[in-house]
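Okay, so here's just one chain, in structure tokens, the form predicted on its own.
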């Protein structure tokens, strides 16, 4: 869907549908809608349909304009109470509005830029008590582009549906500011990354194999000029990536350790930002076989790798001039005659040895080699790993908040702040040295799991052993947030693309 800027007096605004956002209380209209009601929308001010609209979150109303009006339809999208407004509500409302346009077959919807003015903001980053227009513009466009996402690639029935909107107009009465264009460009970039991540995560494991992820990364590298190094299992084993190789040993699907690098001219020698994503394309649990309930959901265990690919998609579209490296250790975790076993001792890339207690704690094994390899090869300015790592994080924080831990309060605090502004919530868990006591082994340097207590923290503590102290590092456990069973507008039921926005913003801000 294209974004089209249109500069004209409000009386000349043309679109197949005009979109406005409405607060929940009767008559509580944002300034942009009030302006419209006082000018070319006087007919709407007297309409009972407007008075009947409650403005609740997820509520959308379709109204038809009088004959001869340049916009034959008005779409109202609810924001909920004014006092509870936050940009996430605007992003969801924008998504619901665009879905209504899709449902109706509306080809060219548009929203006036003034419809985003005057939204209350009591926090920092506001201007005179209201949200900055740039921020709201980005949320609106991101919501529109990502909210239309659907995965229908594998369907062969019930495909009849109206086409997606051809364009989304942004109507202005004054010349377009460069910062407005930049906000919209960033929104398009991150929406492309989010939607790619969702497609990869929601796809079945017989489609998205490690080889498929390697091919996706290769095509992305060719498209955007990234460097890529695709390391197969035999090479990984010879390089000393022993923990990764052990997890991959039993799978019939070839495993790949993928390294992507964005190094624009002039940045080649800069210490990079290093992003690492867990890429277990199907997790059976290995010898420590998982129970059958919801086993089909284990196709999602590569959501971390998908998120890193989504960030690189966004970077490619935006053309950021910063050096960024992504590492994706991709394999299945399967039982079989070559499978690693409980009681085995593995030698990791760092040289540290690991006693295997559970083969269903495989994610930390592929990540520990990626962390150690990335730190040694690239000497990054910071490292962030993202993974659907532990069910314990879901028990602790539910499905709308991800766990965050690390060795740098500055880095974890920055990620939390960035995520909160973008609707991706992270909550810190303590990473104290005492949690390593449960990982001590009598036959190796450490075990790969502790007892059932503090599972998310102990997993992060295990990873911390492979991170040099001088490199700021954060671990994001997105086991609960990578998938949703409810429709928020911005995200339908299914894969969320969680983490792409925050990591993309981290790359930009650093």
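Numbering follows the first chain given and starts at 1. Computed from a predicted structure; not experimentally measured.
As for the form predicted in complex with a small molecule, it is not shown, yet the points below apply to it.
Using a 4.5 angstroms limit between non-hydrogen atoms, residue 346 is distant from the small molecule in the predicted complex. Residue contact with the small molecule in the predicted complex: residue 388 places a heavy atom within 4.5 Å of it. Within 4.5 Å of some heavy atom of the small molecule in the predicted complex lies at least one heavy atom of residue 479.
Contact check for residue 283: a heavy atom falls within 4.5 Å of the small molecule in the predicted complex. Out of the listed residues 207, 440, 290, 155, 290 is the one that sits within 4.5 Å of the small molecule in the predicted complex by at least one heavy atom.
Proximity to the small molecule in the predicted complex, defined as a heavy atom within 4.5 Å, holds among 249, 172, 148, 392 only for 392. Note that among 231-239, 180-188, 134-142, 353-361, the stretch whose heavy atoms approach the small molecule to within 4.5 Å in the predicted complex is 353-361.
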